[in-house]
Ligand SMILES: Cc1cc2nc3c(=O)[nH]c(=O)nc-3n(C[C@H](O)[C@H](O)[C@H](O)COP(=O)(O)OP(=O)(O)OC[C@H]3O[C@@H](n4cnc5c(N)ncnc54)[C@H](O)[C@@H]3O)c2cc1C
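This document opens with one chain alone, in structure tokens, the form predicted on its own.
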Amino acid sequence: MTTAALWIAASLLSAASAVAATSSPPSPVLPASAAQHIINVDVAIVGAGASGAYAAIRLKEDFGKSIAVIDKSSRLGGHVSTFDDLSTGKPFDFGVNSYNDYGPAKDFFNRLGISFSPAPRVALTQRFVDFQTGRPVAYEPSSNQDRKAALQKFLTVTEPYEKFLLPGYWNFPQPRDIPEDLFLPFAQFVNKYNISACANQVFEVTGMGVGDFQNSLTMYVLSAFNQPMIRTFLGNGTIFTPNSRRNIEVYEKIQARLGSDLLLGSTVVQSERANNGHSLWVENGTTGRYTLVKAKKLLIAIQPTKQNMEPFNLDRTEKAVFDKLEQSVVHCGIVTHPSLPIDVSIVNIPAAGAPANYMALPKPNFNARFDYMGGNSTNWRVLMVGKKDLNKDKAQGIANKNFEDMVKRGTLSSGGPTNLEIKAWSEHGAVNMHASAREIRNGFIQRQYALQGHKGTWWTGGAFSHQFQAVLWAFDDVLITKMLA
């Protein structure tokens, strides 16, 4: 697989908006009279990333529901980030690079009036470097023939499990019936089926998002690199983007349609939830004013991390589920420096990968690569994956350290500023939330999905589905039908 193809597909990872709640509710508890404005709606949606934004359109336009959409950001789209480069007059997508042709994706583009075509490719030369040392690695990628054969075997083995995993875990088997393959750490799965020739591709495209790739359960690797994705790389599927080459256009169109239904730049700071209705105190981050949103149903479309959930007063049943979840954290950015080579992708490969150890891959916290972004620009994309404490400063520090080490070792030419110039940055926050094999064997998935409708609250986003735009939209289609039944 060429680096160009890796660059195009690498950010199909996506989920709902990373954060839409403050770390703690205000004290003392707010009375209703604290609100300057009161809104009564059928459904309140917290989070306006892929899941929340799509659900809002469907609920409003297809089912005639009144809605209020609350998001911390000033815009919709969550992980979709487009950098409009004034120096070149061109857009550069560095969050989500393309959309999968899965489920409702193309119909949704047509609905929004967005013309689209296959995702463009940028021809890049790969250089392999151990980012821990800054030294080149004599790594030899698998041949196209071997990689494709391994991918085909990967698909053949896992296709029977697709119905359990997509577009979510609605049909996941009872614990006693779960195929043992899904519990295997991925390195063991790769060895069992002799598919190491495609392992690096799975990792480089989207699999890296699981964090500890080798030890992640195969079912979670399949949530990061699923069967539709495998088919795409076997030539039986497509990825596409708007003809504007601005992936954020999807969410700009949604934002225009939702208009006054949006409470952007706002967070839920306190809530009262019950089967017969909900009250959400929403604080505007700029004005400090409160809006009280009263809703018959609540749809939470943010990741259920402890911090995000604090304003929602989870009960024991909910906490017993969400406390079992672990997570990775992803950051992506656009950087520049005169020493970075044009038309090159510098790929992070540990020294142990030489010459052809395809399962020797970086472990969190790491920067996957520096990818030149084309367009006659001076832009390179970085993609950081880490543990839950990987914040913006740490992530940017890792990217700078990787760059500095390559300069010190002579892998890159010296000269110019000491540090990278960071042109754009996006914190994706928690992604690929997952439970242990032990918990899944004890019925975790069934307990998680039993939360749908509990206390009049419904859940969407990557923790309940996959980190792909189109898959999340397909998940919402199922969820909304159940929510409104």
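Start at 1 and count along the sequence shown; that's the residue number. From a predicted model like this one, the values you see are computed outputs, not experimental measurements.
Keep in mind the form predicted in complex with the ligand is missing from the figure; the text below concerns it.
*Asks:* Which pick from Gly95, Gly374, Gly353, Pro141 sits with a heavy atom within 4.5 Å of the ligand in the predicted complex?
*Replies:* Only one listed residue qualifies here, and that residue is Gly95.
*Asks:* Asn379 versus the ligand, in the predicted complex: is there a non-hydrogen atom within 4.5 Å?
*Replies:* Outside the cut-off, so no.
*Asks:* Does Asn391 reach the ligand in the predicted complex if we count a contact as any heavy atom within 4.5 Å?
*Replies:* Flag for Asn391 set to no.
*Asks:* Quick one: does Ile445 come within 4.5 Å of the ligand in the predicted complex, counting heavy atoms only?
*Replies:* Contact check for Ile445: no, nothing within 4.5 Å of the ligand in the predicted complex.
*Asks:* Quick one: is Val293 in contact with the ligand in the predicted complex, heavy atoms, 4.5 Å cut-off?
*Replies:* Contact check for Val293: no, nothing within 4.5 Å of the ligand in the predicted complex.
*Asks:* Each of Lys72, Ala301 and Gln469 having a non-hydrogen atom within 4.5 Å of the ligand in the predicted complex: is that the case here?
*Replies:* Result yes, every residue of the spot touches the ligand.
*Asks:* Counting only non-hydrogen atoms, which stretch in 29-37, 56-64, 424-432, 448-456 is within 4.5 Å of the ligand in the predicted complex?
*Replies:* Answer to the contact question: 424-432.
*Asks:* Mind listing which residues of 321-335 have a heavy atom within 4.5 Å of the ligand in the predicted complex?
*Replies:* Residues within 4.5 Å: Val330, Cys332.
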